[in-house]
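Presented as structure tokens, the chain that follows is alone, the form predicted alone.
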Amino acid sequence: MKDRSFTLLRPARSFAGLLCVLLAMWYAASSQNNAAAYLLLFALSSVILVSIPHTIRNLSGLKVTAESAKPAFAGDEIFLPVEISNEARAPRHSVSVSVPGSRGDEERVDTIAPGKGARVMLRFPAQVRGEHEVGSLRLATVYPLGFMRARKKLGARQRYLVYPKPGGDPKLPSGSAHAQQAKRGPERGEGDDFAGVRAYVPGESQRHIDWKAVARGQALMTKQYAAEPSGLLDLDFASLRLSDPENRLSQLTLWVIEAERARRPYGLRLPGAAIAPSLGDTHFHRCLRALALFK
């Protein structure tokens, strides 16, 4: 979104030290009645005053675009890709960008050439499950001298999803009695016989990660073990003996992760909604989305 907001200016942290230096110079010049000290004091003050419009101008002509953020579990971090474009005729230096009110750190770009852009990855905590929106981004700069800080907010609407935090008993419930997986042949699950590896699913238990492969520089992989055929898993919100609905959602989230890791087909039942048993990344995120948006 284009720059249509007002730029706010306030002293930077280093301004207090500068003020002490100026006061010391003024005291020395007045007590000694030294013309050279007065000249140095006025020259330094003039440079600082002249730098103020340059600080404000350093944020003009900038455009920010927030790209889609991947879902995360509550308690983890949201990674938001952001592109800063310079539509001005002059380069912009030392520009920082952050998400207001997110408790995340600023990311700084040293230089953005005219007509060019720079990409940064903003990180901030995913605190509460559900669907959230980033309404604006904050640009800031202390260029050129670092004594004054200019900042402004630019609209950059982007929605992101926070899944419930996994928690509870990792042991999967017994399979559904009305659908037997034995008809489809052996499935991979929890057992004693090693049956290969697969890609690691974020949020699942790390006790089955192939750490030796990670040490060799390979991607995160999860070990799988062969098991006897088992029934379809019916993960039902109403069947849980937990008083707090959030604890129920955490338990179901953990079971979804464990079932996907064990490659056991699972379905999800929530009040007013039901997802048929299946497997795979699409089904996995569909179940987690339903848990995140539960009301």
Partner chain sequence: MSTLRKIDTRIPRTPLLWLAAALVFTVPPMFGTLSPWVPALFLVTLALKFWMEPKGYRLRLALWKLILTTAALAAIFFSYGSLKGIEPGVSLIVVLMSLKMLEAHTAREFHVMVMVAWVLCLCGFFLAQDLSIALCLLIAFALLLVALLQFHRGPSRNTWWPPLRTAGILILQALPVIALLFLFFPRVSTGFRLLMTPSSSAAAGFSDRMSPGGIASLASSTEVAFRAEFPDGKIPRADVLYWRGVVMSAGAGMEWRARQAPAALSPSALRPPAGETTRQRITIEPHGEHWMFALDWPVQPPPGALLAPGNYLWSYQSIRKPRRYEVRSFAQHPDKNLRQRERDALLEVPPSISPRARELAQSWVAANADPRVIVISALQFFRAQGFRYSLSPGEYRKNDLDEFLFERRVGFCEHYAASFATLMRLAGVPARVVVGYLGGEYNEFGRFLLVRQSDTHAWCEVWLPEAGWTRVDPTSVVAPDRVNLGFDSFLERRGPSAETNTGAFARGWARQPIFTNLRLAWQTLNYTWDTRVLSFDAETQEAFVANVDLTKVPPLQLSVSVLLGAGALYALFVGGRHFRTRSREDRVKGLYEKFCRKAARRGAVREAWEGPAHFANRAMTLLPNESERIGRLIDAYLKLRYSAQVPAGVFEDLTREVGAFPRGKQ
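As the structure is a computational prediction, the values presented were derived from the model and not from experiment. Residue numbers count along the first chain shown, from 1.
A second form of this protein, the form predicted together with its partner chain, is not displayed here; the remarks below concern that form.
Between 197, 72, 220, 118, only one gets a heavy atom within 4.5 angstroms of its partner chain in the predicted complex; which residue is that? None of the other options qualify; the answer is 220.
Using a 4.5 Å heavy atom cut-off, indicate which stretch of 160-168, 96-104, 129-137, 79-87 touches its partner chain in the predicted complex. Looking at the partner contacts, the answer comes out as 79-87.
Would its partner chain be touched by all three of 207, 237 and 247 in the predicted complex, meaning a heavy atom each within 4.5 Å? Answer is no for this spot.
Considering non-hydrogen atoms and a 4.5 Å limit, does its partner chain approach residue 278 in the predicted complex? Although its partner chain is absent here, residue 278 would stay clear of it in the predicted complex, with no heavy atoms inside 4.5 Å.
Is residue 63 one of the residues lying within 4.5 Å of its partner chain in the predicted complex, judged by heavy atom distances? Yes, residue 63 lies within 4.5 Å of its partner chain in the predicted complex.
Is residue 174 close to its partner chain in the predicted complex, meaning a heavy atom pair under 4.5 Å apart or at it? Outside the cut-off, so no.
Any chance residue 123 has a heavy atom within 4.5 Å of its partner chain in the predicted complex? Close contact exists here: in the predicted complex, residue 123 approaches its partner chain to within 4.5 Å, heavy atoms only.
Does anything in 32-61 come within 4.5 Å of its partner chain in the predicted complex by heavy atoms, and if so which residues, in order? Those in contact are 32, 33, 34, 35, 36, 37, 38, 39, 40, 42, 43, 44, 45, 46, 47, 49, 50, 51, 52, 53, 54, 56, 57.
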